[in-house]
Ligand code: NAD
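One chain comes next, on its own, written as structure tokens: the form predicted on its own.
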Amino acid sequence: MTKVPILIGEHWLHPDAAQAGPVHNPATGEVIGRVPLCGPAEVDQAVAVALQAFTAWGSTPPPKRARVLFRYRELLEVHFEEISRLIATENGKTLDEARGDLRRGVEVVEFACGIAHLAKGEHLPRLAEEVDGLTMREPLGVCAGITPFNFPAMVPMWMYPLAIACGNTFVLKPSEKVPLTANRLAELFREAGLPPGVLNVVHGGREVVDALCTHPAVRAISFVGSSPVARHVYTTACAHGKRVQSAGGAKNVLVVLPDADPEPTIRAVMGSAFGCAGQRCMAGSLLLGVGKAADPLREQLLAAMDQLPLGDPLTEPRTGMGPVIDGRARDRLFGAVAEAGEQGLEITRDGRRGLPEQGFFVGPTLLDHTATQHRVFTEELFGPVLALLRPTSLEEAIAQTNQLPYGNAATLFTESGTAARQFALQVECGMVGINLGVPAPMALFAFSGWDQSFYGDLHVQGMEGVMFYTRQKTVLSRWAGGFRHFF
């Protein structure tokens, strides 16, 4: 059993924390590690070290910072399969899903390698009589990231590579359910030549979250998790004068018109709803079969679900879907399915049946005849449970989508350019897909949730990420004409 350390400066430490929590292999239920549940004392240590390291790192020229990131990128490639297996072990993803998790994180590192260009300001000679104007982007100081269990590599790497590339130092608090991947990523960054104290890792729960959100030396907080916690992080950190980007939950919609191409549509719906066991904020959880599309869609989907084998992703190569993260998540999902049946929904495929004897498994589940008043329509379940609705028109489907309190993602499957354009213009969410199941942008673009899916102004990834982790300074200069007024 692994005893999980924290990283403070150049030292991996085992703090005398009051408590420790289990790290599971979700596919077997086995406890594979013990993670310290730290508190304010460890946060103070990490922030103090990060603050000290900022003096040198923040003044390091961007091309030199980029060279460390280039070396880091190469080490991630060398250790790609090792890290992917670690993700699958502590999270339960299939190996292909774990590779995708890591790949999307590496893409952010690749984007951050261009920091010497990305962080350039603007310059306008002769802004006024004998006056030149320029802007420059400067790092903030100590930044912090609080990340969930569902993407042990990608979500932390949404944050710390870009923050560090911009010249900040960083304190990462990964989910206590998946601490091993975060520690390994930090080890490799240090191996790439990152100076001590620039990246620190502290494990724990709410105590650590609140300590980071209220610490006077932390300048910015990045968060991904459920909407209630996202709101708490946003309000708490903002009240303490910090920049905040706080991504919450989602209820993503998959709309299928009668003219949609059946085979790629079913493949995309299956991947969206049941990929990563439905444990992602981009998972499609509401399937809207419009008009005549609903009945054949249901039958094709049930046939595809029959071909989705469950199992341990590390020992059963044919595994199509792994477990959920722990027993609590499994029991919560079982309860939601039972409640749906009690409310009159048809449990067309019951994911509580025919499961492996070990591990925290929930099978792919399909609930039919869902309506907008049902809990499964409005609440994020975060698991492999798909609810089918039957709107009679695209306009009704858009109206139902726009009733949701979240605004993360929605996808339309159609062969009609007119319908696609109408959907893209009228649906109220930050990420729209046409004929693809998961419209998650790559690192060049911001991950742009709306409404209760995001609290803040600047999103993760892309140029919004660069803007979030820097502040702008404007300089006006006069080198001729003495001290006359500007205008």
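Values in this document were obtained by computation on a predicted structure and should not be read as measured data. Numbering starts at 1 and follows the sequence shown.
A second form of this protein, the form predicted in complex with this ligand, is not displayed here; the remarks below concern that form.
- Heavy atoms of every residue among I146, R206 and A247 are located within 4.5 Å of this ligand in the predicted bound form.
- Checked against this ligand in the predicted bound form, the residues W158, F413, F111, F360 give one hit for a heavy atom within 4.5 Å, which is W158.
- E380 is the sole member of E107, D312, D368, E380 with a non-hydrogen atom within 4.5 Å of this ligand in the predicted bound form.
- For V229, a non-hydrogen atom is located within 4.5 Å of this ligand in the predicted bound form, even though that partner is not displayed.
- This ligand in the predicted bound form comes within 4.5 Å of a heavy atom belonging to K173.
- At least one heavy atom of G225 is located within 4.5 Å of this ligand in the predicted bound form.
- When this ligand is considered in the predicted bound form, N408 lines it closely, a heavy atom lying within 4.5 Å.
- Screening 127-135, 248-256, 342-350, 261-269 for residues having heavy atoms within 4.5 Å of this ligand in the predicted bound form returns a single hit, 248-256.
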